[in-house]
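Here are two versions of the same chain, shown separately as structure tokens and labelled structure 1 and structure 2.
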Structure 1
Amino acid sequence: MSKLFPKSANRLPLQILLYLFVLGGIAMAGINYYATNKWANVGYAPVQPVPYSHKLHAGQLGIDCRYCHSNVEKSGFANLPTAQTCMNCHSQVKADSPLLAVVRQSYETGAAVPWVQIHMTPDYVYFNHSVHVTRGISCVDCHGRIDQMEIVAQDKSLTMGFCLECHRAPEEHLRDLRDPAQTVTRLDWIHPGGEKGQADQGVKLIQANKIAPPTSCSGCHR
């Protein structure tokens, strides 16, 4: 047998294991980079250029989410507020605050406020914000209790599994937008009938509005 195989063949098993280890590491790195979203981690709370408190504005003052994120019902993308939106109030309220220097500069120059986006999806995922909001999916279902956050952080994973849970059972989340109390921006609203009342209402809304969330790959990966 020694004549059939050179001594170097004794190193083959170790070399094969080493190659498999390296190959596995490369594969895992590729999956981590291309198949996951580093911004989708629960707890992700980047430092913003302006220390904005949602707890104060949306919670204590009761400002509707749509005042700052004005296109959520019309666009596939939930727009970030412009300096003009901020200055509608802050031209008079705390107009000289040093914390608002970036906003004032943006307002004067026209350059966008460099907000750091928190909630994102990978490039290979199709998501239309307006479709969800206009069907009765509340902000709280994906973003959590924003109105209680001093500093906004990622509250939900926004993974494919998270989305599919809702798509497979939309009745657990749908609100009746004909009822003023059920507006999607009422983050503290809970159906008075509990989970059963919510589910019964959701089933009726699915039938009335012909809601059929896709669960196939082509629904979100186009």
Structure 2
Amino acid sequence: MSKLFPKSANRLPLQILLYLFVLGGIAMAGINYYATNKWANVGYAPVQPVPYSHKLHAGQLGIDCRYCHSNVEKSGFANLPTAQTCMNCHSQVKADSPLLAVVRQSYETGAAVPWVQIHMTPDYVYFNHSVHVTRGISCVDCHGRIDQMEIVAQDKSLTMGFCLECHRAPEEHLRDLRDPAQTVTRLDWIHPGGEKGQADQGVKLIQANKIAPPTSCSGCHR
């Protein structure tokens, strides 16, 4: 009788088992790396109707974020600018540029400029911009260095874990709004005293301004 199974077949069950472990490991690593907003959302940079460069306007010209996003200190929603805001300058600067045709048309007719929203919280999350900005949380903490982005891309994951990291340790981010250098729209500011200096300042601000970011479910899922 010929050999149906060679001798090496004796090792096969063990080898298959080992392979399944390796396969499981790869699957776990893949899920860990990919099944998260850190991969799925970070880097989202849609094509916008106007190729507006934040790097030029906010970075090079040094225009304050609030010049355009003017309600961010008063409203829960950080508004996109009206077409008139663009026309404040672009009625004279590059007034005939074909790239700005959409804006000029919007200014004349009142039609909306179809901007594509990038940073989105799920609809079951309550997020209020003004609450954060007026307590000294900088734009850069959630949006990254917008002033260096030619085309805006999502920079932070904006997951619940991301929110809670800061809500549990706000002293690592709080700025002292009495100091003009620390204005929330100065995206390049870091505490000169390093992490220690930032934490010390943050603890003082928490006490002085009674800052108590909610960490309970109903704080944001209301």
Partner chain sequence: MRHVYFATFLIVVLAVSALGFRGDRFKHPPLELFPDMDHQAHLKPQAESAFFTDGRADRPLPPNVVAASLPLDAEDGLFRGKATDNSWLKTIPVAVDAKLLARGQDRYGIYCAPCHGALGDGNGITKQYGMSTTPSYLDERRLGLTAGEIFNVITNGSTQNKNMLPYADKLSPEDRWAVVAYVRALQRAQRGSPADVPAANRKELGL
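Definition used throughout: the rigid core is the maximal C-alpha set that superposes within 1.5 Å between two forms. All figures in this text were calculated on a predicted structure; none of them were measured in a lab. Numbers follow structure 1, counted from its first residue as 1.
- Of the two forms shown, structure 1 is the one predicted alone, while structure 2 is not.
- With the core superposed, Gln207 shows a C-alpha displacement below 2 Å between the two structures.
- Annotation for Ala181: C-alpha shift under 2 angstroms between the two structures, rigid core superposed.
- With a cut-off of 2 Å and the rigid core superposed, Val47 has a Cα displacement that falls short of the cut-off between the two structures.
- Relative to the superposed core, Phe21 moves its CA by 20.1 Å between the two structures.
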